[in-house]
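Take a look at this one chain, the form predicted alone, written out in structure tokens.
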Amino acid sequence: MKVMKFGGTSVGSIESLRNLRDIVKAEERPVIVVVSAMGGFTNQLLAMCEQAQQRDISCLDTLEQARKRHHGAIDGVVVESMRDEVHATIDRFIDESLKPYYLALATNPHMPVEEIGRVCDAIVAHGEILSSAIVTGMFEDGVPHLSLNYMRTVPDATGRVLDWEETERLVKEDFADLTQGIHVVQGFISRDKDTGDVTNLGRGGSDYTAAILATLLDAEALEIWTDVDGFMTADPRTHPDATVIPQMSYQQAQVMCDAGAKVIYPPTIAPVAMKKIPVWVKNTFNPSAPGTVII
């Protein structure tokens, strides 16, 4: 079993979703597919939170545009027999969850700061929930999972950290049957271990979600599918002669991530390194490229 993570650009358009579908279908079952929100949608959700706090309900117009974007993706990639169900799922989350959250922010000027934070965390979680509904519907044997059921965090001095013990227990319960199918998971989102409030693993946290699952479920490999061919010798935007680094050690990859290489979210490396799980960085838009392997 392998874990495959697809970032925002990989789920951001009908073209990229079709590439994702072809890449995953070529794999032997079972496989765990971890998805980010559609490209740019997390930023949109956060911007709408700011608008709502300023009593600007034009954020609801933006939400309608997002609805159309998700429905367009459904029509372009979801198997025909499941389209009505996925359309209904998207509408339900928008109408029964996102809209009420935004209206609560816009109409309650005395909402405590702590409550605003909780509402905004719950809002942001919807990006991955909506994209995962679409990706699950792309496969006849898609198996949906909800990360909120097993990813657990606790507060610490710097913010939030994963509660590994509780997360491991819940992950092994939720993924008890991994004998077949394409198991689709949301990246990034989690819950507080004690309060049950929606939390997250930080921007870029979908990579970390994938690493956590690969580590706890002893995956044979972790694949990070993105919009670059792998780790590069330099930034290709400023160095046109930059080339892909075919192989790196975990330590080398960690150093590059910590130095600002925006290929993998830095906390991703440590857990898979401890289990010596190989990590592949590959390009959704150029799947035949060899990519970079981290071992």
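Each residue number is its position in the shown sequence, starting from 1. Predicted model only: the values in this text are computed from it and were never measured.
Just so you know, the form predicted in complex with aspartic acid exists too; it's not on screen, but the next bit is about it.
Visitor: Wondering, does G204 line up within 4.5 Å of aspartic acid in the model of the complex on heavy atoms?
Guide: Yes, contact at 4.5 Å.
Visitor: Please check if S36 has a heavy atom lying within 4.5 Å of any heavy atom of aspartic acid in the model of the complex.
Guide: S36: contacts aspartic acid in the model of the complex.
Visitor: Taking heavy atoms and a 4.5 Å cut-off, does T42 contact aspartic acid in the model of the complex?
Guide: Taking the distances in the model of the complex, the answer for T42 is yes, it comes within 4.5 Å of aspartic acid.
Visitor: Hey, in the model of the complex, does F188 get a heavy atom within 4.5 angstroms of aspartic acid?
Guide: F188 belongs to the contact set for aspartic acid.
Visitor: So which of 154 to 162, 72 to 80, 205 to 213, 134 to 142 is the stretch with heavy atoms within 4.5 Å of aspartic acid in the model of the complex?
Guide: Looking at the other structure, the answer is 205 to 213.
Visitor: Pick out the residues of 126 to 140 whose heavy atoms come within 4.5 Å of aspartic acid in the model of the complex.
Guide: Contacts from 126 to 140: just E128.
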